[in-house]
Each structure stands twice: as C-alpha cells, then as structure tokens.
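Presented below, as structure tokens, is a lone chain in the form predicted on its own.
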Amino acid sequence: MTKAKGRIAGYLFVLPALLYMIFFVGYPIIDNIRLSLFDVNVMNLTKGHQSFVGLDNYIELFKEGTLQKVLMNTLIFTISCLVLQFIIGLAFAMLFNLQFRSAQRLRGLVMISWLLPATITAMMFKFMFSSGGIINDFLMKLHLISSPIDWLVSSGTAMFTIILANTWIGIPFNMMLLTAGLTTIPKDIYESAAIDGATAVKRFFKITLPLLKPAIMSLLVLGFIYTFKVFDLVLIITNGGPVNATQMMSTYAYKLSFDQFQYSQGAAISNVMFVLLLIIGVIYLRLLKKEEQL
C-alpha cells in the first residue's frame, strides 16, 4: 500500500467517529450557543420570529443573582463530595489492598452503591431523610434528638443530605481507581523503607501518596466533571429547594427551560457550565502532558 493510500485509509477509519462527534456533540453545542443569543420562550418557539438579544440573557441572569448562587451551590457540592469520596475511597482501597480474608466479598458490598441507578439511590435517601424516615427514628432511639428533623426543608441539612447521597455513590469509583493505582506500587519499596526504619505514616506520605499522584489527578478531574453536572440526584431529593438552597447549575438550567419555558436563559446556564468544564478539561490535559514529559 502506498503512503497516500495509507493516509486515505486512516481518514476513512476516523470518518465515522468524526461524523458522530459533529452530529451528536458539535451540533448541539453550537445550536445551544445560538439559542442563548436569542429570545426564545414558549410564546415564540414555533412562530419562527425570535429576536436576537446578544448577551442579554447572560447579563440578566448575572444581575438577578441566581446564577452566582447556583454556581456557589454547585462548587460547594462538588468540592465537598470530592473530598469525602476521595478520603473514604482511599481508606477502603488501602484496607482491601491488605488482602485479608473476605476482602473481595467486602469490596463487592461497597460496589453496590455504584451499581444502583441514581434515581433509586435518590428515592432511598429521600425516604431515609424524610420527617418520618429511618434517620430520625434512629437518632431519636439513641436520644440524640428529641423531635424529628426536617432534613430536606432546612437549607443546610438539605445540602448535607444530597452531599451524603452523592458521596455514597462515588466512593466505589474512587476506591477502584485508587486500588488499581496501589497495585502498581512495588512491594519492594515498602520493604526497603521498613528496613530503614520508616514508620507506616511516613511510608504513606513519602511513598504511597507520591506514587499515586497520576491516579489521584485523573480521579479528581474526572470526579469534578462528573459531580459538577449532577442532575437526577438533586432533582429527585430536593428539586433544588428549599428556596434554591440546593439548586445546581444543571437543575437550574432544566427549571428555566422546562418549568418556566425560558429556553434561551436555560441554554445560557448550560453554556456557562460547558465553559467551566472545558477549562477543567484543558487544565487536566495540560497536567497530563506535563506528567508524561517528566
């Protein structure tokens, strides 16, 4: 095969993936950007005449203050979940890496939360944290509280509930990636460090964490992107309430588009999310490239 034919064959292999990306990724993104620059609502959606408003949708959302609030909610939710998932996931990974009896069975049990559909998990947590749910019943039997707590009515406890639910879902993902990272660390290094008198804490900070850095970096970036765009969990448990206290960018975009029929403003929120996640993705790729060059 000549060099030209080889190049053409390469293009033909890439063509299906390119067409898929254009139609199912590129076109929706471009159309969403176009939608955010027009005034499209339920009154003029089918009339064909929609006025161009430029960046007015973005400016209006910013002036209302709700955009800043849902952005802050999303960041608090994302960072809290990432920290909790990582700490607990790392603890489980190191525990099951000890290869004690029943380690595989226990690891399988931890995976259950990741295998359940998010809607099932959301309904389960909504029931558990309702006024008459098992959490209030358990706390009252322990005499820790005297009356039921309205977990999903107060802003602080509602945010706590959805963070807890999402953390429970994300722990297995963190555990599996960190377990895979731990298996790549040679046992000889730990044995040599132990002979030299390094304590378990010192081996953790000087050997385990530095050698897990690539896995941790991938985990945190992927976890940030996955958690930042949370939708179904919040929609089912709190629906963004009370008074937007748990409103995330994804649920707010849905609310604007399909509850209030302000399609352009919903598209504007989606575009802000897209830009933020794109920046995170670019930073990740740059860090990955820098890591490969070392």
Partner chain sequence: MRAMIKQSRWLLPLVSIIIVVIFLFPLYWLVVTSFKTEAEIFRSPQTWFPQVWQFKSYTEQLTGSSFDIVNGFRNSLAIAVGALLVSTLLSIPAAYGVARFRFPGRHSFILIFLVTQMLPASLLLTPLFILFKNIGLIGASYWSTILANATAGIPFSVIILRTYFATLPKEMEESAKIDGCNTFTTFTRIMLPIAVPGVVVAMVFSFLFAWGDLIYGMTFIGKEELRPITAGIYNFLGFQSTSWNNTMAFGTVSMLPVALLFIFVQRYIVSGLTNGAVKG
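The term rigid core refers to the most C-alpha atoms you can superpose between the two forms while keeping them within 1.5 Å. Bear in mind that the values here come from a model prediction, so they are computed numbers and not experimental data. Positions refer to the first chain, counted from 1.
Absent from the display: the form predicted in complex with the partner chain. The rest refers to it.
Looking at Ile59, you'd find every heavy atom of it more than 4.5 angstroms from the partner chain in the predicted bound form. A residue is said to contact a partner when one of its heavy atoms sits within 4.5 Å of a partner heavy atom; Thr46 meets this definition for the partner chain in the predicted bound form. In the predicted bound form, the partner chain sits within 4.5 Å of a heavy atom belonging to Lys229.
Mapping the unseen interface onto this chain, Leu109 counts among the residues with a heavy atom inside 4.5 Å of the partner chain in the predicted bound form. None of Phe86, Phe96, Phe77, Trp151 but one reaches within 4.5 angstroms of the partner chain in the predicted bound form through a heavy atom, and that residue is Phe96. With the partner omitted here, the residue from Met128, Ala193, Leu71, Ile185 that has a non-hydrogen atom within 4.5 angstroms of the partner chain in the predicted bound form is Met128. Screening 119-127, 153-161, 77-85, 204-212 for residues having heavy atoms within 4.5 Å of the partner chain in the predicted bound form returns a single hit, 119-127. Residues from 16-30 that approach the partner chain in the predicted bound form with a non-hydrogen atom closer than or equal to 4.5 Å are Pro16, Ala17, Leu18, Tyr20, Met21, Phe23, Phe24, Val25, Tyr27, Pro28, Ile29, in the order they occur in the chain. Once the rigid core is overlaid between the shown form and the other one, Tyr284 counts among the residues whose Cα shifts by 2 Å or more. After superposition on the rigid core, the Cα atom of Val275 is displaced by less than 2 Å between the shown form and the other one.
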